[in-house]
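Alright, two takes on the same chain below, each alone as C-alpha coordinates: structure 1 and structure 2.
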Structure 1
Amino acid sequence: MLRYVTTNRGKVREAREYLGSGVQQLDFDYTEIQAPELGPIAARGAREAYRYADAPVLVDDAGLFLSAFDGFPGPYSSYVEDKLGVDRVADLTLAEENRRASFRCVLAYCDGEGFDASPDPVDRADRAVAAAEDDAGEETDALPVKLFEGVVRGRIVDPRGDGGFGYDPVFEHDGTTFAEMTAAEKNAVSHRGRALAKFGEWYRERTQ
(Lines of atoms letter the chains of each structure in order from A and count residues from 1; the text may use other names and numbers.)
(Lines give C-alpha, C1' and ligand atoms only; values in the text may rest on other atoms or scores of the structure.)
Protein backbone atom coordinates (compact mmCIF):
# COMPACT_ATOMS: atom_id res chain seq x y z
CA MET A 1 0.00 0.00 0.00
CA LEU A 2 1.21 3.49 -0.94
CA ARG A 3 2.02 5.91 1.88
CA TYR A 4 1.60 9.64 1.24
CA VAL A 5 4.26 11.24 3.41
CA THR A 6 3.22 14.55 4.89
CA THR A 7 2.20 16.20 8.13
CA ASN A 8 -0.32 18.30 6.17
CA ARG A 9 -3.84 16.85 5.94
CA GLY A 10 -4.82 19.32 3.22
CA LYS A 11 -2.31 17.67 0.91
CA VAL A 12 -3.69 14.21 1.70
CA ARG A 13 -7.24 15.31 0.94
CA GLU A 14 -6.16 16.43 -2.51
CA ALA A 15 -4.06 13.31 -3.14
CA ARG A 16 -7.03 11.07 -2.34
CA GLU A 17 -9.10 12.83 -5.02
CA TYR A 18 -6.58 11.48 -7.52
CA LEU A 19 -5.23 8.28 -6.08
CA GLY A 20 -8.33 7.01 -4.29
CA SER A 21 -9.21 6.71 -0.64
CA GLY A 22 -6.83 3.76 -0.20
CA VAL A 23 -3.85 6.10 0.04
CA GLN A 24 -2.62 6.19 3.60
CA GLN A 25 -1.13 9.27 5.22
CA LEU A 26 2.27 8.68 6.77
CA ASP A 27 2.61 11.52 9.25
CA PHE A 28 6.41 11.50 9.21
CA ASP A 29 8.49 14.66 9.57
CA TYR A 30 11.46 13.85 7.31
CA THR A 31 14.58 16.02 7.38
CA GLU A 32 14.12 18.97 5.02
CA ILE A 33 17.58 19.85 3.74
CA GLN A 34 18.27 23.43 2.64
CA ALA A 35 18.33 23.61 -1.14
CA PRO A 36 17.22 26.13 -3.76
CA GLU A 37 15.09 23.51 -5.57
CA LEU A 38 12.27 21.29 -4.31
CA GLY A 39 13.50 18.14 -6.13
CA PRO A 40 16.54 17.30 -3.99
CA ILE A 41 14.58 18.04 -0.80
CA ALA A 42 11.76 15.69 -1.81
CA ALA A 43 14.18 13.01 -3.06
CA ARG A 44 16.11 13.01 0.19
CA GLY A 45 12.84 12.90 2.14
CA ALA A 46 11.58 9.95 0.09
CA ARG A 47 14.70 7.90 0.85
CA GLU A 48 14.45 8.68 4.54
CA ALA A 49 10.70 7.91 4.62
CA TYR A 50 11.17 4.66 2.70
CA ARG A 51 13.83 3.50 5.16
CA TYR A 52 11.48 4.40 8.01
CA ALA A 53 8.31 2.82 6.58
CA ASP A 54 9.89 -0.08 4.67
CA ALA A 55 7.02 0.32 2.19
CA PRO A 56 6.39 2.37 -1.00
CA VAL A 57 6.27 6.10 -0.19
CA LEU A 58 5.35 9.31 -1.97
CA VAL A 59 6.76 12.54 -0.50
CA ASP A 60 5.09 15.84 -1.42
CA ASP A 61 7.21 18.98 -1.24
CA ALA A 62 5.64 22.22 -2.40
CA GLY A 63 6.21 25.95 -2.34
CA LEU A 64 5.03 29.38 -3.42
CA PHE A 65 7.41 31.23 -5.76
CA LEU A 66 6.93 35.00 -5.94
CA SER A 67 8.29 36.75 -9.04
CA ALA A 68 8.82 40.09 -7.28
CA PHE A 69 11.16 38.38 -4.81
CA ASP A 70 13.08 36.23 -7.31
CA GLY A 71 11.16 33.10 -6.33
CA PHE A 72 11.28 33.56 -2.55
CA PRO A 73 9.95 31.90 -0.37
CA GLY A 74 10.03 28.80 -2.66
CA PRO A 75 11.40 25.86 -0.65
CA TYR A 76 11.15 28.01 2.51
CA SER A 77 7.38 28.58 2.14
CA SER A 78 6.45 26.56 5.19
CA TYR A 79 8.87 28.45 7.43
CA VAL A 80 7.70 31.79 6.05
CA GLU A 81 4.03 30.84 6.56
CA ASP A 82 4.81 30.00 10.19
CA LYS A 83 6.86 33.13 10.86
CA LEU A 84 5.12 35.83 8.79
CA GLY A 85 1.74 34.34 8.03
CA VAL A 86 -0.09 34.24 4.73
CA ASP A 87 -1.64 37.72 5.05
CA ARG A 88 1.71 39.44 5.55
CA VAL A 89 3.23 37.59 2.63
CA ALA A 90 0.32 38.86 0.54
CA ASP A 91 0.70 42.43 1.87
CA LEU A 92 4.41 42.47 1.04
CA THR A 93 3.68 41.25 -2.48
CA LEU A 94 0.76 43.62 -3.00
CA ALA A 95 3.12 46.53 -2.24
CA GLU A 96 5.07 45.49 -5.36
CA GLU A 97 4.09 46.14 -8.95
CA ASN A 98 4.77 42.56 -9.92
CA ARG A 99 2.26 40.22 -8.25
CA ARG A 100 2.94 37.16 -10.37
CA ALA A 101 3.39 33.93 -8.46
CA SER A 102 3.56 30.22 -9.06
CA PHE A 103 3.01 27.17 -6.95
CA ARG A 104 5.28 24.21 -7.51
CA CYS A 105 4.91 20.68 -6.21
CA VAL A 106 7.40 17.85 -6.47
CA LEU A 107 6.32 14.30 -5.69
CA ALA A 108 9.14 11.88 -4.94
CA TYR A 109 8.41 8.17 -5.13
CA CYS A 110 10.59 5.44 -3.66
CA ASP A 111 9.86 1.74 -3.25
CA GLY A 112 13.41 0.45 -2.95
CA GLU A 113 13.47 -0.80 -6.56
CA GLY A 114 15.02 0.67 -9.68
CA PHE A 115 13.13 2.26 -12.56
CA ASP A 116 13.33 1.76 -16.30
CA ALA A 117 15.10 4.62 -17.99
CA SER A 118 12.73 6.72 -20.04
CA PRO A 119 13.34 9.81 -22.14
CA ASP A 120 10.94 12.04 -20.22
CA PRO A 121 12.09 15.07 -18.20
CA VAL A 122 11.10 13.36 -14.96
CA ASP A 123 13.80 10.82 -15.45
CA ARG A 124 16.34 13.47 -16.36
CA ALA A 125 15.57 15.29 -13.11
CA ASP A 126 16.07 12.02 -11.31
CA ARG A 127 19.49 11.54 -12.78
CA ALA A 128 20.42 15.13 -11.95
CA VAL A 129 19.58 14.46 -8.32
CA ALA A 130 21.62 11.26 -8.29
CA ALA A 131 24.55 13.04 -9.98
CA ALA A 132 24.40 15.91 -7.49
CA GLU A 133 24.55 13.45 -4.62
CA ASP A 134 27.49 11.63 -6.18
CA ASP A 135 29.29 14.97 -6.65
CA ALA A 136 28.70 15.76 -3.00
CA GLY A 137 30.36 12.46 -2.11
CA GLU A 138 27.23 11.08 -0.49
CA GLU A 139 26.10 7.46 -0.44
CA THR A 140 26.66 5.97 -3.87
CA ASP A 141 24.12 3.22 -3.20
CA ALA A 142 21.40 5.89 -2.90
CA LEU A 143 17.93 4.43 -3.25
CA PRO A 144 16.35 5.20 -6.64
CA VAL A 145 13.76 7.96 -6.49
CA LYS A 146 11.39 9.06 -9.24
CA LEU A 147 10.29 12.71 -9.35
CA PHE A 148 7.05 14.19 -10.73
CA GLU A 149 6.64 17.94 -10.89
CA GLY A 150 3.64 20.20 -11.34
CA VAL A 151 3.50 23.99 -11.69
CA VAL A 152 0.63 26.47 -11.80
CA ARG A 153 0.90 30.17 -12.46
CA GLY A 154 -1.26 32.85 -10.94
CA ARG A 155 -1.07 36.08 -8.97
CA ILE A 156 -1.26 37.27 -5.40
CA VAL A 157 -4.47 39.00 -4.32
CA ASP A 158 -6.17 40.03 -1.06
CA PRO A 159 -7.46 36.87 0.68
CA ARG A 160 -10.73 35.37 -0.61
CA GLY A 161 -12.46 32.06 0.12
CA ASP A 162 -12.27 29.60 2.98
CA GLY A 163 -11.44 26.29 1.30
CA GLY A 164 -8.03 24.72 0.80
CA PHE A 165 -5.09 25.46 3.07
CA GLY A 166 -1.87 27.46 3.37
CA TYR A 167 -1.52 30.22 0.77
CA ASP A 168 -4.71 29.22 -1.11
CA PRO A 169 -6.78 32.31 -0.14
CA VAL A 170 -4.21 34.72 -1.65
CA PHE A 171 -3.36 32.76 -4.81
CA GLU A 172 -5.62 33.58 -7.76
CA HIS A 173 -5.70 31.50 -10.93
CA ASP A 174 -7.95 32.55 -13.83
CA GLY A 175 -9.95 34.93 -11.65
CA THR A 176 -10.59 32.51 -8.77
CA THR A 177 -8.51 31.92 -5.66
CA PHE A 178 -7.64 28.34 -4.79
CA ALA A 179 -9.56 28.82 -1.52
CA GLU A 180 -12.70 29.58 -3.56
CA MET A 181 -12.43 26.25 -5.40
CA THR A 182 -13.53 22.78 -4.35
CA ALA A 183 -10.75 20.23 -3.94
CA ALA A 184 -11.67 18.75 -7.34
CA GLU A 185 -11.62 22.16 -9.06
CA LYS A 186 -8.26 22.99 -7.49
CA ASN A 187 -6.81 19.60 -8.46
CA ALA A 188 -7.85 20.11 -12.07
CA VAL A 189 -5.46 23.06 -12.41
CA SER A 190 -3.10 22.99 -9.44
CA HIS A 191 0.59 22.19 -9.09
CA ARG A 192 -0.27 19.15 -6.93
CA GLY A 193 -3.02 17.99 -9.29
CA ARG A 194 -0.64 18.17 -12.25
CA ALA A 195 2.10 16.28 -10.42
CA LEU A 196 -0.44 13.70 -9.18
CA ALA A 197 -1.78 13.16 -12.70
CA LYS A 198 1.74 12.40 -13.98
CA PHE A 199 2.46 10.14 -11.03
CA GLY A 200 -0.90 8.33 -11.26
CA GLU A 201 -0.39 7.46 -14.91
CA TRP A 202 3.12 6.11 -14.27
CA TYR A 203 2.16 4.28 -11.07
CA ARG A 204 -0.78 2.46 -12.68
CA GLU A 205 1.56 1.08 -15.33
CA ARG A 206 4.12 0.10 -12.72
CA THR A 207 1.64 -1.75 -10.54
CA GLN A 208 -0.37 -3.41 -13.36
Structure 2
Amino acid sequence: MLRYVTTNRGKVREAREYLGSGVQQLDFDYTEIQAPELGPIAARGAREAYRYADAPVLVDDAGLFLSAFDGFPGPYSSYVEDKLGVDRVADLTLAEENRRASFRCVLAYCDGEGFDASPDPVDRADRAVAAAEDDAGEETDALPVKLFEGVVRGRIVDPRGDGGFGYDPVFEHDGTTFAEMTAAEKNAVSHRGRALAKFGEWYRERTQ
Protein backbone atom coordinates (compact mmCIF):
# COMPACT_ATOMS: atom_id res chain seq x y z
CA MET A 1 0.00 0.00 0.00
CA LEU A 2 1.29 3.43 -1.00
CA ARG A 3 0.18 6.51 0.96
CA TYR A 4 -0.29 9.65 -1.14
CA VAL A 5 0.01 12.57 1.25
CA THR A 6 -2.64 15.11 0.24
CA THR A 7 -5.98 16.59 1.23
CA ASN A 8 -7.02 16.67 -2.44
CA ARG A 9 -9.04 13.60 -3.46
CA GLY A 10 -8.62 14.58 -7.11
CA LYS A 11 -4.87 14.02 -6.82
CA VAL A 12 -5.52 10.56 -5.41
CA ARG A 13 -7.84 9.69 -8.30
CA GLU A 14 -5.20 10.88 -10.76
CA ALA A 15 -2.50 8.86 -8.99
CA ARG A 16 -4.63 5.70 -9.16
CA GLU A 17 -4.88 6.10 -12.94
CA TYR A 18 -1.10 5.71 -13.13
CA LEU A 19 -0.39 3.51 -10.09
CA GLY A 20 -3.47 1.36 -9.65
CA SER A 21 -5.93 0.94 -6.79
CA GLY A 22 -3.25 0.36 -4.16
CA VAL A 23 -2.92 4.11 -3.53
CA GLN A 24 -4.39 5.33 -0.25
CA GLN A 25 -4.91 8.96 0.74
CA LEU A 26 -3.01 10.12 3.82
CA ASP A 27 -4.18 13.41 5.32
CA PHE A 28 -1.06 14.56 7.14
CA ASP A 29 -0.04 18.19 7.68
CA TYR A 30 3.71 18.04 7.15
CA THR A 31 6.01 21.07 7.49
CA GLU A 32 6.34 23.05 4.25
CA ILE A 33 9.78 24.60 4.44
CA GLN A 34 10.69 27.76 2.53
CA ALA A 35 12.97 26.93 -0.40
CA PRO A 36 13.59 28.32 -3.91
CA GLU A 37 13.16 24.85 -5.47
CA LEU A 38 10.42 22.23 -5.27
CA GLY A 39 12.64 19.21 -4.54
CA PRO A 40 13.76 20.05 -0.99
CA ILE A 41 10.19 20.97 0.02
CA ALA A 42 8.74 17.68 -1.22
CA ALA A 43 11.67 15.67 0.19
CA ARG A 44 11.30 17.14 3.66
CA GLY A 45 7.57 16.44 3.56
CA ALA A 46 8.16 12.84 2.49
CA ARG A 47 10.55 12.23 5.40
CA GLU A 48 8.08 13.65 7.91
CA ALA A 49 5.22 11.66 6.43
CA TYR A 50 7.21 8.43 6.43
CA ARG A 51 8.13 8.85 10.09
CA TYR A 52 4.45 9.49 10.84
CA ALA A 53 3.00 6.62 8.81
CA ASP A 54 5.89 4.13 9.08
CA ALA A 55 4.95 3.06 5.55
CA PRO A 56 5.88 4.03 1.96
CA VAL A 57 4.71 7.57 1.16
CA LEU A 58 4.50 9.88 -1.83
CA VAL A 59 4.48 13.68 -1.46
CA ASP A 60 4.21 16.23 -4.26
CA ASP A 61 4.99 19.90 -4.58
CA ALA A 62 4.16 21.94 -7.65
CA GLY A 63 4.24 25.47 -8.97
CA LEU A 64 3.96 27.85 -11.90
CA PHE A 65 7.31 29.15 -13.18
CA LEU A 66 7.25 32.38 -15.22
CA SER A 67 10.21 33.05 -17.50
CA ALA A 68 9.72 36.83 -17.37
CA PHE A 69 10.25 36.78 -13.61
CA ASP A 70 13.15 34.29 -13.42
CA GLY A 71 10.84 31.43 -12.47
CA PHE A 72 8.82 33.28 -9.83
CA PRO A 73 6.40 32.39 -8.23
CA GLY A 74 7.55 28.75 -8.47
CA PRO A 75 7.34 27.15 -4.98
CA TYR A 76 5.44 30.23 -3.76
CA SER A 77 2.64 29.86 -6.32
CA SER A 78 -0.13 29.15 -3.80
CA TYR A 79 0.91 32.07 -1.61
CA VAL A 80 1.05 34.44 -4.58
CA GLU A 81 -2.34 33.21 -5.80
CA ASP A 82 -3.85 33.92 -2.37
CA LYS A 83 -2.25 37.37 -2.09
CA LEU A 84 -2.47 38.69 -5.65
CA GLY A 85 -4.95 36.43 -7.41
CA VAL A 86 -4.58 34.60 -10.71
CA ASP A 87 -5.86 37.51 -12.83
CA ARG A 88 -3.28 39.90 -11.38
CA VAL A 89 -0.44 37.44 -12.00
CA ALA A 90 -1.65 37.07 -15.59
CA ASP A 91 -1.87 40.86 -16.06
CA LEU A 92 1.69 41.35 -14.81
CA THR A 93 2.97 38.66 -17.16
CA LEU A 94 0.99 39.88 -20.17
CA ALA A 95 2.64 43.27 -19.72
CA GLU A 96 5.98 41.58 -20.45
CA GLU A 97 7.29 40.57 -23.87
CA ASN A 98 8.24 37.11 -22.57
CA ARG A 99 5.08 35.21 -21.65
CA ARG A 100 6.59 31.73 -21.53
CA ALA A 101 5.68 29.65 -18.49
CA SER A 102 5.87 26.12 -17.21
CA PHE A 103 4.05 24.06 -14.64
CA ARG A 104 6.43 21.84 -12.65
CA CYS A 105 5.74 19.05 -10.19
CA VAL A 106 8.18 17.08 -8.05
CA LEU A 107 7.11 13.79 -6.47
CA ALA A 108 9.11 12.64 -3.45
CA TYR A 109 9.02 8.96 -2.45
CA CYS A 110 10.29 7.57 0.84
CA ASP A 111 10.04 4.01 2.16
CA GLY A 112 12.89 4.00 4.65
CA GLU A 113 15.19 2.09 2.30
CA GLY A 114 17.98 3.21 -0.01
CA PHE A 115 18.02 3.22 -3.79
CA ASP A 116 20.23 4.10 -6.74
CA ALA A 117 20.59 7.74 -7.70
CA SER A 118 19.77 7.27 -11.37
CA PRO A 119 17.83 7.93 -13.51
CA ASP A 120 16.14 10.31 -11.08
CA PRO A 121 17.82 12.21 -8.25
CA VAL A 122 18.02 11.07 -4.66
CA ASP A 123 17.89 13.64 -1.89
CA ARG A 124 19.87 12.40 1.10
CA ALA A 125 20.00 15.72 2.97
CA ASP A 126 18.17 15.85 6.27
CA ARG A 127 19.77 18.90 7.81
CA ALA A 128 17.10 19.83 10.34
CA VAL A 129 16.95 16.33 11.79
CA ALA A 130 20.72 15.94 11.68
CA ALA A 131 21.22 19.21 13.56
CA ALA A 132 18.82 18.17 16.31
CA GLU A 133 20.51 14.79 16.67
CA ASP A 134 23.96 16.36 16.75
CA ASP A 135 22.86 18.57 19.64
CA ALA A 136 21.78 15.45 21.50
CA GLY A 137 25.10 13.81 20.78
CA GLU A 138 23.56 11.04 18.68
CA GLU A 139 23.98 10.00 15.06
CA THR A 140 21.26 8.65 12.78
CA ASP A 141 21.36 7.93 9.06
CA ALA A 142 19.27 10.37 7.03
CA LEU A 143 16.31 8.95 5.15
CA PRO A 144 16.95 8.95 1.39
CA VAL A 145 14.15 10.26 -0.83
CA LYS A 146 13.68 9.53 -4.53
CA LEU A 147 12.56 12.51 -6.64
CA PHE A 148 10.60 12.48 -9.91
CA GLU A 149 9.90 15.68 -11.88
CA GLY A 150 7.23 16.41 -14.43
CA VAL A 151 7.17 19.57 -16.56
CA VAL A 152 4.67 20.98 -19.05
CA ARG A 153 5.55 24.13 -20.97
CA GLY A 154 3.22 26.78 -22.29
CA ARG A 155 2.50 30.48 -22.05
CA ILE A 156 0.35 32.90 -20.10
CA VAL A 157 -2.80 34.19 -21.83
CA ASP A 158 -5.99 36.03 -20.92
CA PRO A 159 -8.28 33.73 -18.87
CA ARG A 160 -10.23 31.14 -20.86
CA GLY A 161 -12.28 28.14 -19.78
CA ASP A 162 -14.39 27.15 -16.79
CA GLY A 163 -12.64 23.98 -15.66
CA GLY A 164 -9.63 23.23 -13.53
CA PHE A 165 -8.44 25.38 -10.66
CA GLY A 166 -5.73 27.85 -9.71
CA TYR A 167 -3.75 29.13 -12.68
CA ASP A 168 -5.42 26.75 -15.17
CA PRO A 169 -7.49 29.46 -16.96
CA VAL A 170 -4.38 31.53 -17.82
CA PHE A 171 -1.97 28.70 -18.73
CA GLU A 172 -2.11 27.71 -22.40
CA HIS A 173 -0.53 24.50 -23.70
CA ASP A 174 -0.65 23.70 -27.41
CA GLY A 175 -3.33 26.32 -28.02
CA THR A 176 -5.65 25.27 -25.19
CA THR A 177 -5.74 26.44 -21.59
CA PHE A 178 -5.84 23.84 -18.85
CA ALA A 179 -9.26 25.24 -17.88
CA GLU A 180 -10.58 24.46 -21.39
CA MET A 181 -9.49 20.82 -21.18
CA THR A 182 -11.48 17.93 -19.77
CA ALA A 183 -10.04 16.27 -16.68
CA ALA A 184 -8.80 13.37 -18.82
CA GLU A 185 -7.15 15.69 -21.36
CA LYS A 186 -5.42 17.68 -18.64
CA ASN A 187 -4.22 14.57 -16.79
CA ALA A 188 -2.70 13.24 -20.01
CA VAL A 189 -0.38 16.24 -20.40
CA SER A 190 -0.14 17.74 -16.92
CA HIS A 191 3.06 18.15 -14.95
CA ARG A 192 1.72 15.91 -12.19
CA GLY A 193 0.64 13.27 -14.69
CA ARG A 194 4.09 13.23 -16.29
CA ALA A 195 5.76 12.89 -12.88
CA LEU A 196 3.35 10.10 -11.93
CA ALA A 197 4.07 8.24 -15.17
CA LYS A 198 7.83 8.31 -14.46
CA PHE A 199 7.31 7.28 -10.86
CA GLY A 200 4.87 4.52 -11.77
CA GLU A 201 7.33 2.87 -14.16
CA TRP A 202 10.07 2.92 -11.50
CA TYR A 203 7.75 1.90 -8.65
CA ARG A 204 6.46 -1.18 -10.47
CA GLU A 205 10.01 -2.43 -10.91
CA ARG A 206 10.81 -1.73 -7.26
CA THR A 207 7.79 -3.61 -5.93
CA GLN A 208 7.95 -6.64 -8.23
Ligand code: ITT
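For clarity, every value in this text was computed on a predicted model and none was experimentally measured. For numbering, take structure 1's sequence and count from 1. Take the two forms, superpose them, and find the largest set of C-alpha atoms that agree within 1.5 Å; that set is the rigid core.
Student: I need to confirm something. Of structure 1 and structure 2, which is the form predicted alone?
Tutor: Number 2 is right.
Student: When the rigid core is used for the superposition, does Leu196 move between structure 1 and structure 2 (threshold: C-alpha shift of 2 Å or more)?
Tutor: Stays below the 2 Å threshold, so no.
Student: Relative to the superposed core, report the C-alpha shift of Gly22 between structure 1 and structure 2 in angstrom.
Tutor: On core superposition, this C-alpha lies 4.0 Å from its counterpart.
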